[in-house]
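First comes one chain, alone, set out as structure tokens in the form predicted on its own.
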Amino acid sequence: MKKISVLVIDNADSFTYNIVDYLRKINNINIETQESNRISLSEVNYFDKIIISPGPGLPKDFPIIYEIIKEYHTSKHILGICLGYLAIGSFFGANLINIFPVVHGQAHKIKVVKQTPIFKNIPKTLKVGLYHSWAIDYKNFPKELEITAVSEYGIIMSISSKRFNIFGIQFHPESYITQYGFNIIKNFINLNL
């Protein structure tokens, strides 16, 4: 059986290697981590799956992410976490909004409102770790995407493409606060190619 090749794009975030640690627990995959400011678009072609890590700032501060999504959104499985989630949303036309108060290192409940492969065998309600000051707005939400989970405060917590294998999650599955975080990552990896 061919090993699945997974690229983790590191957007200068301390959580990136928590994601990598989860991936190391999954059999039959090859993992490579590349810093977003050093990767070329052509390098991405060699991977089956892409995970776009959290990071500081906004997606516009990491322009290569948009290039990667544009080039590979029809052909590769993509999971965006926090900053990666915002990048996917804004690539498809979502508006990003500042939230107040800022949420850092807090546990909130979310509700899965639309079943997708990454939430397979995950309870409809779970506790997750949040570290963010930006969110995707409901206003003018892109028709290409669907909302798949929301927080107890009504903030969009996950999205997916209606046509492609693209998933975004605002919360941090790699945080110790998040229930079933490993399962969510594993579900993404196990999604059929």
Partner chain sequence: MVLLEFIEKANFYGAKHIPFLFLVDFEMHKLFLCTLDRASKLNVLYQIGTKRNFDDKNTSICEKPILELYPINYEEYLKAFDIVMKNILAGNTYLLNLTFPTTITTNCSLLELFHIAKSPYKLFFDNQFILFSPESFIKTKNRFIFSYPMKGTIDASLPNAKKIILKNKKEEWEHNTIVDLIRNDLSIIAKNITVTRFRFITKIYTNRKDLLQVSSEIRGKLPANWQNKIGEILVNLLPAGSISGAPKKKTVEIIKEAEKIDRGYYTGIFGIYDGTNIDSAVNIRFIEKIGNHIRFRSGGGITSNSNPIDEYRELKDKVYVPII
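Just so we're clear, the structure is a prediction, and the values are computed from it rather than from any experiment. Numbering follows the first chain given and starts at 1.
Just so you know, the form predicted together with its partner chain exists too; it's not on screen, but the next bit is about it.
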Original post:
Quick one: of 125, 45, 133, 34, which gets a non-hydrogen atom within 4.5 angstroms of its partner chain in the model of the complex?
Top reply: 133
Original post:
So in the model of the complex, does residue 102 come within 4.5 Å of its partner chain, heavy atom to heavy atom?
Top reply: yes
**OP:** Spell out, yes or no, whether the shortest heavy atom distance between residue 18 and its partner chain in the model of the complex is within 4.5 Å.
**Re:** yes
**OP:** Mark residue 95 yes when one of its heavy atoms lies within 4.5 Å of a heavy atom of its partner chain in the model of the complex, and no otherwise.
**Re:** no
**OP:** Indicate whether residue 175 is a 4.5 Å heavy atom neighbour of its partner chain in the model of the complex.
**Re:** yes
Original post:
Thinking of its partner chain in the model of the complex, which stretch from 52-60, 65-73, 156-164, 138-146 has heavy atoms inside 4.5 Å of it?
Top reply: 52-60
**OP:** Within 4.5 Å of its partner chain in the model of the complex, which residues of 5-26 have a heavy atom? Give them in sequence order, or say none.
**Re:** 12, 13, 14, 15, 16, 17, 18, 21, 22, 24, 25
